[in-house]
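A lone chain, given as structure tokens: the form predicted on its own.
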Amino acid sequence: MNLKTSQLSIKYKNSTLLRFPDLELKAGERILIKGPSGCGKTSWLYALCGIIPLHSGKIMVGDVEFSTLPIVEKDRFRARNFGLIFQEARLLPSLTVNENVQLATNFISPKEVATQIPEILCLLDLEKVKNKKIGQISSGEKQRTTIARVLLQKPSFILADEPTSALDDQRTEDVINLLIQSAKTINAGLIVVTHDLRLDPYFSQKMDLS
């Protein structure tokens, strides 16, 4: 499935209008969206997946004009096709790692749940902490739990917002390699939004919003 945007713009409440370059990404490809803090990278990402409204422009996902879907249909389409990884892991602290991952099981059959969750937990080295509450695991394990949930969802596109901004060099390398490998596992397009220059070597396709 391909993702294509044209003439996207958003308008803030203070009437500031931001216009963005066109994007075309095919299944399995990856792109780095660059730019300094405050240039609108996160707003662009949220507009791309329908979390905030567009001022103008068109978003095509496959043969579906995603940008014109009614709100309820847009939410359902986003849940099926976009896997979101935020800068801060959005996990439920009262649940275990395994239970947080299971939140994505609305998208797959019970039979797939029984086989795929153990495989994904093993792939992301979460097997040993699967029964621990979120408050009992490390920040890296929280991030991998978020990625595990996305992998179980099997989206067409993985969207990551500043996934390495607070990490040292070694952890940055680990996380970006994990995201790239995870996207390859499910043949998903990967979009990473960042101001972290260390990620440049991992992407041949880039878009600068500065």
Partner chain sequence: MSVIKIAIKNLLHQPLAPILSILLIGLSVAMIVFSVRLNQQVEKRFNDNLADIDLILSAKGSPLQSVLCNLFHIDAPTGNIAIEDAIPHLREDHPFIETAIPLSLGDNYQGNRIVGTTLAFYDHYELELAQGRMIETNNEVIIGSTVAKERNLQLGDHFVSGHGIRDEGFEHDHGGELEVVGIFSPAGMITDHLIFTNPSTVWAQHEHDEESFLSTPVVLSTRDLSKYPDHEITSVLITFTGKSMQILNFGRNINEHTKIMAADPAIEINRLYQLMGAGFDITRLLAYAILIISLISIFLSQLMNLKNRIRDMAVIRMLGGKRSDVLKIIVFESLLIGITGILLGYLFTFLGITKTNQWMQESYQVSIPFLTVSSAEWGMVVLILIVCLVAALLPAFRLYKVNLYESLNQDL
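Bear in mind that the values here come from a model prediction, so they are computed numbers and not experimental data. Residue numbers count along the first chain shown, from 1.
Unshown form predicted together with its partner chain; subsequent notes refer to it.
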Q: Can you check 25-33, 57-65, 176-184, 44-52 and let me know which stretch has heavy atoms within 4.5 Å of its partner chain in the predicted bound form?
A: 44-52
Q.
So, a 4.5 angstroms cut-off on heavy atom distances: do all three of R78, R90 and L95 pass it with respect to its partner chain in the predicted bound form?
A. yes
Q: Answer with yes or no whether L123 is in contact with its partner chain in the predicted bound form, where contact means some heavy atom within 4.5 Å.
A: no
Q.
Can you tell me if V113 lies within 4.5 angstroms of its partner chain in the predicted bound form, counting non-hydrogen atoms only?
A. no
Q: Although its partner chain is absent from this view, report whether K133 comes within 4.5 Å of it in the predicted bound form, heavy atoms only.
A: yes
Q) Does at least one non-hydrogen atom of L84 fall within 4.5 angstroms of its partner chain in the predicted bound form? A) yes
Q. Which residues in 5-19 have a heavy atom within 4.5 Å of its partner chain in the predicted bound form?
A. K13
